[in-house]
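Below, in structure tokens: the form predicted on its own, a single chain.
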């Protein structure tokens, strides 16, 4: 199955108590995976909310998760680790850093490893000073991982607890997560769409027991 199934009820055991849903009614998981503003996945959740259903993500969840500075504020409020960061328009902090444009045109961040890279990309990232950039400072001992989180589960064992905490915080059934890994902690860098069609068989296996999988 390459096309995302419709809204499917989530198993109650996977629903964190912090969500404060009425568990006498189903909580529907939107498995489209790309919840970007005004896209098909966004409208699936919007239509479900208008119909009075309990659905994850809500449109507010989706908007919070996919705007990096807002996502990090929400994560910090839920005790999810985040990197030290600054929002700038011209004077960037010292490299190395991850830079995410805050504008309507760009969504992907860039890894700037040294002062030359910052100088080369400064105008492009800020649209010559018109828009802000969210800069995440990288410690010397870091590495950057990208993992898939499927209803709070991950195929990488070391990320199981982190994946559960992200699902509880953001309520996105499918998400691609960029993580800054340091010796003491995992730090959320950004959440990106994870369209259902991009799930490998091993990822789809994580849905077994989580939702009533279509035969």
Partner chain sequence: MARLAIFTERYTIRSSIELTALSNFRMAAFELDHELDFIFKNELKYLKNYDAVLIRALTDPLNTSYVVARAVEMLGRRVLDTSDSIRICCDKVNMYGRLDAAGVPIPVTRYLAPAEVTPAAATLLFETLGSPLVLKAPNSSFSAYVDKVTTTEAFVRVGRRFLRRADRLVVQQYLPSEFDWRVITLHGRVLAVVQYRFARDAWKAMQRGDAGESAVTTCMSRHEAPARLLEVAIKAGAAIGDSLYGVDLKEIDGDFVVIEVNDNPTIAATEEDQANPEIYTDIVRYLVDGPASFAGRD
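Owing to the predicted nature of the structure, the values given are computational and were not obtained by experimental measurement. Numbering follows the first chain given and starts at 1.
We do not show the form predicted in complex with the partner chain, though everything after this point is about it.
Among 123, 143, 108, 130, the residue placing a heavy atom within 4.5 Å of the partner chain in the predicted bound form is 130.
You can rule out all but one of 54 to 62, 23 to 31, 159 to 167, 173 to 181: in the predicted bound form, only 54 to 62 has residues with a heavy atom within 4.5 Å of the partner chain. The closest heavy atom approach of residue 115 to the partner chain in the predicted bound form falls outside 4.5 Å. Although the partner is absent here, residue 186 sits far enough away that none of its heavy atoms falls within 4.5 Å of the partner chain in the predicted bound form.
Interface residue remark: residue 102 is counted as part of the site for the partner chain in the predicted bound form, having a heavy atom within 4.5 Å. Using a 4.5 angstroms limit between non-hydrogen atoms, residue 154 is distant from the partner chain in the predicted bound form. Counting a residue when any of its non-hydrogen atoms is within 4.5 Å of the partner chain in the predicted bound form, the hits in 72 to 86 run 73, 74, 86.
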